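Coming up is one lone chain in C-alpha cells, specifically the form predicted alone.
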Amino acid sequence: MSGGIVIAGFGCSGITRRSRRGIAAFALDAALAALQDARLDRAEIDGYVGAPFATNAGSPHAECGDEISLKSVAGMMGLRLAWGADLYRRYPTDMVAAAAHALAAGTCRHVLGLRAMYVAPGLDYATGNGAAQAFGADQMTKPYAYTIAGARFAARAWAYMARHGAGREELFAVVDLARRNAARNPDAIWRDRPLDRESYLQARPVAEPHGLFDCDMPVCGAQAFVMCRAADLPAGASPAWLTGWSGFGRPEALWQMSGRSPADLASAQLYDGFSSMVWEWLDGFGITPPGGAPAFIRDGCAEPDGRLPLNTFGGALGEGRLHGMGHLREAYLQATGRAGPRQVRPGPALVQVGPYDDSSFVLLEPDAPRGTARRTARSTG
C-alpha cells in the first residue's frame, strides 16, 4: 500500500512569536510555497488534509482566529476538491497516513496538507485547567492539576530519571543539541540564541524537572506539504518515498510495513514539546536500551555526525511549536538531500510526533521501494 506514495514538496511560512498578520496569511504563505516546491498549480490539487485544532487551554477555537479549516483554505485558494478531511488528531504524521489512504484508494491525485499555529493577540499558550467542569477521564486528572504546565510529562520525566539515574544535566544535553542544530536552520525561532549550561539551570521552573527552556516556544507560523502517487509526481519535483506509518498502539507496524528496522535509520526527528519526551521513544523504538537515551545524547551519538542524528533542524525546542510539522519537513528535506548545511548521510528518516500515549510515526526514504516504478507525470501548471 505504501510503495508508490511520495511527499512531492514542502512549504513554510515565516515563523515568529507574535504577529499582526492573521492565521490565514501564514496558512496561505505555506500552502503556496508547498505548491511551488512540488511544481504544481493550485488547480491540480484535488485533495486536502488539515489539523486545525488549537491545543492551548485558553484557545477560543475561532475559525480564522487561532484555527483554520479545510473550508477556509479551499475558499481562499479556489480549490476544487474530490476529497478533504480536517483531523481532530493534530499531528502531521496522522495527516500523512490519512492522505496516503486517500491516494491509495484513488480518491484523489494531489493532496495538500496544512497545519497552522497562531498565538492570538491578548491570549497566551499557558496550559491550565480551563473550564470549571470536567468530563470523562478529565474528572480524574484536572482537579489535581495533572494537565497544568505539562505536569503529566514532568511526572514521567521524574520517574524516568529516578529509575535510570539521570538528572537535569542530561536534560540540558537535549536542549543544548536543539539550540546548536537550530543555529543551522534559518527558520528557527532560536537560531541566533545559544544557551549555556548556567542559564539553563538557573531558568525558572515550569513543572519540575522541566524549566523554562525545556518547553517549546509557542509561535505564529504554518507549514504545508503535497503528496501524490509516484505515477502522478510532477516533473522536477523532489520525492521522499513514504514506506511506512503506524500509531503508538503498534509502533512495530512501522517496521513491518516498511521492511526496515531501527538499525537502518539515517536520522530521527522525535517530538520534543518537552525535552524529556525524546528519551521515551529512543528507548521505545529500541534505538537505545531502557534508560539508555540520556547517555546516548550526552555522549554525542545524536550529533549530526553521530550514530543517529536527532532533530537535525533544532526540533520544536529550537524551531518553535508547530506540533510536529517541522519534524516532518526536516525528514522530507533529509530524505531528498535538500537540508543544506544540516544534511546528514542519506537513508530512512523516522518521524515521531505526539506524547507517549498519543504518538504516530512515519518513515520517509530517498529511494523508491524495491519493485516500485519511478514514473513521473508532467505538471500542466
Partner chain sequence: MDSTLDRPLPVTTLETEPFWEGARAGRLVLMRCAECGRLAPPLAPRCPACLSAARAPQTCSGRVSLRGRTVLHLPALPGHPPPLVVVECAVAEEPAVMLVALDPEGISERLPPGAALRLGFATEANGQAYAVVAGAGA
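Owing to the predicted nature of the structure, the values given are computational and were not obtained by experimental measurement. Positions refer to the first chain, counted from 1.
Only in words, not in the display: the form predicted in complex with its partner chain, which the text now covers.
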Let me test this: is every residue among 285, 301 and 304 within 4.5 Å of its partner chain in the predicted complex, going by heavy atom positions?
no
Candidate stretches 285-293, 139-147, 240-248, 306-314 - the one whose heavy atoms come within 4.5 Å of its partner chain in the predicted complex:
139-147
Please tell me which of 254, 206, 108, 120 lies within 4.5 Å of its partner chain in the predicted complex, judged by heavy atoms.
206
One residue of 265, 104, 85, 134 in contact with its partner chain, assessed in the predicted complex (non-hydrogen atom, 4.5 angstroms):
134
In the predicted complex, residue 163 touching its partner chain (heavy atom, 4.5 Å):
yes
Is residue 159 close enough to its partner chain in the predicted complex to count, meaning some heavy atom within 4.5 Å?
yes
Could you confirm whether residue 154 comes within 4.5 Å of its partner chain in the predicted complex, counting heavy atoms only?
yes
Taking its partner chain in the predicted complex, which residues of 235-256 have any heavy atom within 4.5 Å of it?
none
